[in-house]
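What follows is one chain in structure tokens, specifically the form predicted on its own.
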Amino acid sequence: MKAALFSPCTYPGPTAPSSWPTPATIYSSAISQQTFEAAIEHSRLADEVGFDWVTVAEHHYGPFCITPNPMVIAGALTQVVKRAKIALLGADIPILNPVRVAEEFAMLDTMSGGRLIAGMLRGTPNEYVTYNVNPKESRSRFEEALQLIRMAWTEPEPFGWQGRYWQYKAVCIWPRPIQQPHPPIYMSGSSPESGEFAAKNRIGLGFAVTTLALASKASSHYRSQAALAGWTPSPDDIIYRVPFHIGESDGEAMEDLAAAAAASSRSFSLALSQGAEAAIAEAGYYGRDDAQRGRVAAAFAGGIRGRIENGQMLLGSPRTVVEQIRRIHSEVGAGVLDLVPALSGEKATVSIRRFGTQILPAIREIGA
């Protein structure tokens, strides 16, 4: 298996994380600067200790993720991450200019020497407010944007585009991607429609803010649809995002998390392991239906041990976490774990280093 480190760039100062858009009345430029510096340093460390990817994402108007343009921080990462792939998981293409996305991805692939992973996402429904885009057009916008981006990467001659949502008299991007025919593409795959689209178009699938049971069902559907399309996804075609924290022992890991949870009433520092995930699930993350949203949100309310059992967190000693990872691979078939530090600061640094030095060597043979 492969491991990616996701740096969500979560603002760690006092905020009101349950509201969106989040008022900026107590925003601190100094805290944001420190947040970006810490994210870049954690990515550099992940590269040093053997992680296969580092990942960034796009979100707007809140402290959960202060990278409204992930291309910017990915550009910075090309200068400090020298070996690992740089994954944008991703750009919310229905609300963006697809030609600009194609240009920026191609530029990043060139700057990184051909190490870009291109995540193409629909985004969370609330974020369609950001650029005044109708969320009911999400899926059709996504499909047109993806087709246009692929063509911009692969067609060397200038071409025109007259689509439903975008029209261009001439497209011919410079620079071109180093990877041919284009960088690997991934999309979110929680709904049956997304799994079918990914399978038909030979696109990798990612799962986030979910459970093992739901992801297992979705990945099985994806594989069956790929078989109908005449190909077989490899484990590397499936990404599973999950928060993690590694202690010397199970007890230490649990104590670290409990201490951070006690402090979280004063700051939004417990990245992706408190109410933020449940709120995203309730908001209809990437188009889930009402029943599925309810199941995900209920799972987040089940406490830490319940979340471990549901595959929503990796927590414990290195030996314990290796077994948790084996279960994720067995049930979902994921070959890439996209790992979110559950804590911040020095605790996150130690956890990243432990994962790279003690867990990565042990999970390399899983799925081999």
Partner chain sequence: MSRPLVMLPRTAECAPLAERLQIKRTAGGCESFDLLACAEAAPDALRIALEQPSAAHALVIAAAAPPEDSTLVTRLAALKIPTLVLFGTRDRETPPQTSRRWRALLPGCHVVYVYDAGHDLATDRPQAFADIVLDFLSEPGAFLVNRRDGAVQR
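Keep in mind it's a predicted model, so treat the numbers as computed, not measured. Residue numbers count along the first chain shown, from 1.
The protein also exists as the form predicted in complex with the partner chain; that form is not presented, and the subsequent description refers to it.
Among Glu144, Glu196, Asp256, Glu103, the residue placing a heavy atom within 4.5 Å of the partner chain in the model of the complex is Glu144. In terms of contact with the partner chain in the model of the complex, the residue from Gly251, Pro158, Pro192, Pro125 that brings a heavy atom within 4.5 Å is Pro158. Interface residue remark: Thr232 is not counted as part of the site for the partner chain in the model of the complex, having no heavy atom within 4.5 Å. Using a 4.5 angstroms threshold between heavy atoms, Met151 counts as touching the partner chain in the model of the complex. Taking the partner from elsewhere, Ala262 is found to have every heavy atom lying beyond 4.5 Å of the partner chain in the model of the complex. Taking the partner from elsewhere, Lys169 is found to have a heavy atom lying within 4.5 Å of the partner chain in the model of the complex. The stretch in contact with the partner chain in the model of the complex, judged by heavy atoms within 4.5 Å, is 136-144, chosen from 74-82, 136-144, 114-122, 205-213.
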